[in-house]
Every structure is written in C-alpha cells, then in structure tokens.
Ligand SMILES: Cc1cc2nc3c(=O)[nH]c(=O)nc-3n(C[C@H](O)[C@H](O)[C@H](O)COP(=O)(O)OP(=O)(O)OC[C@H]3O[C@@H](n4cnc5c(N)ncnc54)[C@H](O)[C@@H]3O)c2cc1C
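Given next, in structure tokens, is a single chain: the form predicted alone.
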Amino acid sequence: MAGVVVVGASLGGLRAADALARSGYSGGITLVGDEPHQPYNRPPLSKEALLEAQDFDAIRLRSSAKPGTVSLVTGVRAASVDLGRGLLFLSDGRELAFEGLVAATGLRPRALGIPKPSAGVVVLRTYEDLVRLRSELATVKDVAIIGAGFIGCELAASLTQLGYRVSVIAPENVPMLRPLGEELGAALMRHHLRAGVAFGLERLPVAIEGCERPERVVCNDGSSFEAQLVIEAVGSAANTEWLEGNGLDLSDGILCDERLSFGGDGRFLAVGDVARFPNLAFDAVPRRVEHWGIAVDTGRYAGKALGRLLSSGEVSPAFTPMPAFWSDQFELRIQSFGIPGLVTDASEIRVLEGDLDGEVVVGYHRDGTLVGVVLVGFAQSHMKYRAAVAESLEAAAGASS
C-alpha cells in the first residue's frame, strides 16, 4: 500500500515525518532529501558553526520517531510529481507511490546577475556552502557581504569577531529594514559600526571586479569596496519546480489554505519556507514565513494533521501559529514574536521598554492592535511580550466578530 512521502529532508520535513509517525499512522513514511546528509539545523551556519568551526555532527538534527518508522533517502532530488496519480519521480529514475505528500523543499539562494570572477564569490545556505566559505576565508582579509538582511548581518558580526574586515553593501538605507523598521535597524547598524563593520548602503553593486578572484565590489554610485571574498546574501527563491504541471499557484512558494494543504486535497501539505498560507490569527493574506520556529510548527502540525486524516478522516482545525524568530549579532540576542513586518507606518512602531541604543523592546501596531514585538536583550521578558501579542490579537478578533 502507498504510504506518505515527505519531499525535503529539512527541519520542517523531519518534524513532519516525526509527527506523522507519532500520530499512529500505520503506512510507510519516506523522507527524501537532495543533500547527501541527514537533516541538519541551518541557523548556526552563519553564527556558532562558523565562529566555533563546528563539524556536521554539531548541527545534525535527531529524529523523535521510533527507529525504523521513517525511511530516509538522501542525495536524490524530486524531479516531478503527478498528484492525480499519486506518483513522485526522483532524479535517479525511481518512482514512489503515495497516498499523502508533504512538500518541504525550502529555498535556494539567489545570485546577482552582474559580472563576477569564477572563484571567490559564495552563498551560504547549505553545510557544503559553509565548508566552501571556511576554505575561502583561509587566504583573505577583506570580505564584502552583498545584502543587509539577517543572514548578511549575522555573517558580518561573525566574520568581524573572527578578525576579518567586513563591508556590507545593500540598497536599503538601514540594515534589516523590512522586518524591523528604520529606527531599530539604524540602532543595530550603530552597534555594528562600533564593532568595526563598514556599510555601503543606498547603492547597488554593478560588478565584482577581479581576474581569477574578487579584488573589489563596484557600485552604481561609483564607489567601490575592497574584497578578496564576496558573499551574496540577496534573498532566496522557493524550490517548487518539481510541482509544476499540477495546476498549482507556485508564484511565491506553494499557495496553501489555512490548514497548509494545497491542490484542493487535504492529503497534500506544505511546510517550512516553501509554504505560503494565511494565518487567520492575523488576517487572511497568504504569506511565506522564513523562520526556524515556523519550520518546526508547520512540520508538527502537518504530520499530525495528515496522520489524522489518513487514519480516521478527521480534519484538523486551522493552523494559527505565533511566528517567532531570533538572531545573534555580536553579543546581542534579537528575538521577535508576531509579524512586525505587517507594519509599514513608522508612527505605529514604538519603543515599549528600554532604549534603542541599549536593551530595548519595540512594539509594532496595526490599527491599534499589537501584531509584533522585537526584543533586543530583555531575556526575562520574552514570554511576557509573546503573551501581549497573543492577547492583543484575541481582543481584536473578539471586537470584529
């Protein structure tokens, strides 16, 4: 009998397989991954795994399923799928039949389409990328990071602590502008500047010059930044090509309903970075959420929901998680609850506690509702502010019903 195939041996994929195994589902469970490794944790790649030269075992994820209940297939990718027939076609020619499918194929880094040398320009998404980055770092002093999001800023902090001269180049006027807003982004930039990071903001790279390796990054305003190594951290694209031909909306990840299902069939679910779903605790707009916590939460929900559906026909309630993320930059721990990025009006972003140039809590309001908080420090207050966001959302839902 056909079982369940989880495509993507990622954090979300592993947690989905674990939850499915624990749900009492009696069919087979196969976890397919295109990397040669067992599933592993990606956030440490730009932080402690780089700073402390950790090996793969330090970031490897452990399954909570009973041994033997999940079959792991590594080093092979999903080439295509026929949802109607329940068949997954792998890149090595194998076919896997399924009665349920979980898509957990995540993202891949984007690369800039500008002139660049063939060596010395890297991205950071996989463990292999980290190994390559370590090798490249062995012979350089100056590193340019293109992109001022969380990955770019985490890398800037880690590499500065390791003794490299780091420049961050981006089109925004402050780092981490989209998720944090201008004031908090500027405050964190001041912290980076004090630690020695250089910024080239409000400009676009037009070329990475050098013969065999980079020598400098040239920008559209004529400025340039010396670098023997360039890291591109300019965003990601969802790995959805294998799902083409099934009539799905793949314009930005996989469009799902509030139960993470897609294709009009509760037997097909998406988890992690690739899932675009409405979180009805906030609104009905489908969004992808690229947070570690969402990968865990979507995986657990999907595995349990699919197990219930296949075992007893039970339909699970809507998935309404509290998004959360964290980032470590120098000695700072940045943590968030809710969706701060929903707020674009600067007047709705307010300091709730502390000071922007020290430990601070910033609140993000939409139409008077607290939809997100970001804490820099204030470790003892994390649960208090998580509860505050949840209570504000519940009050707003009650007022509108």
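Start at 1 with the first residue shown and count on from there. On a predicted model such as this, the values are computed, not experimentally measured, just so you know.
The following text describes the form predicted together with this ligand, which does not appear among the structures shown.
- Looking at Gly106, you'd find a heavy atom of it within 4.5 angstroms of this ligand in the predicted complex.
- Within 4.5 Å of any heavy atom of this ligand in the predicted complex lies no heavy atom of Glu353.
- Residue contact with this ligand in the predicted complex: Ser261 places no heavy atom within 4.5 Å of it.
- In the predicted complex, this ligand sits within 4.5 Å of a heavy atom belonging to Glu35.
- You can rule out all but one of 238 to 246, 306 to 314, 189 to 197, 208 to 216: in the predicted complex, only 238 to 246 has residues with a heavy atom within 4.5 Å of this ligand.
- Contact with this ligand in the predicted complex holds for all three of Ser10, Ala78 and Trp292, each having a heavy atom within 4.5 Å.
- Contact annotation: of the candidates Ala281, Ile151, Met176, Leu229, the single residue with a non-hydrogen atom within 4.5 angstroms of this ligand in the predicted complex is Ile151.
- Proximity to this ligand in the predicted complex, taken as a non-hydrogen atom within 4.5 angstroms, holds for one residue of Arg125, Arg300, Arg287, Lys116, which is Arg125.
- Looking at 21 to 58, the residues that come within 4.5 Å of this ligand in the predicted complex, counting any heavy atom, are Val32, Gly33, Asp34, Glu35, Arg42, Pro43, Leu45, Ser46, Lys47.
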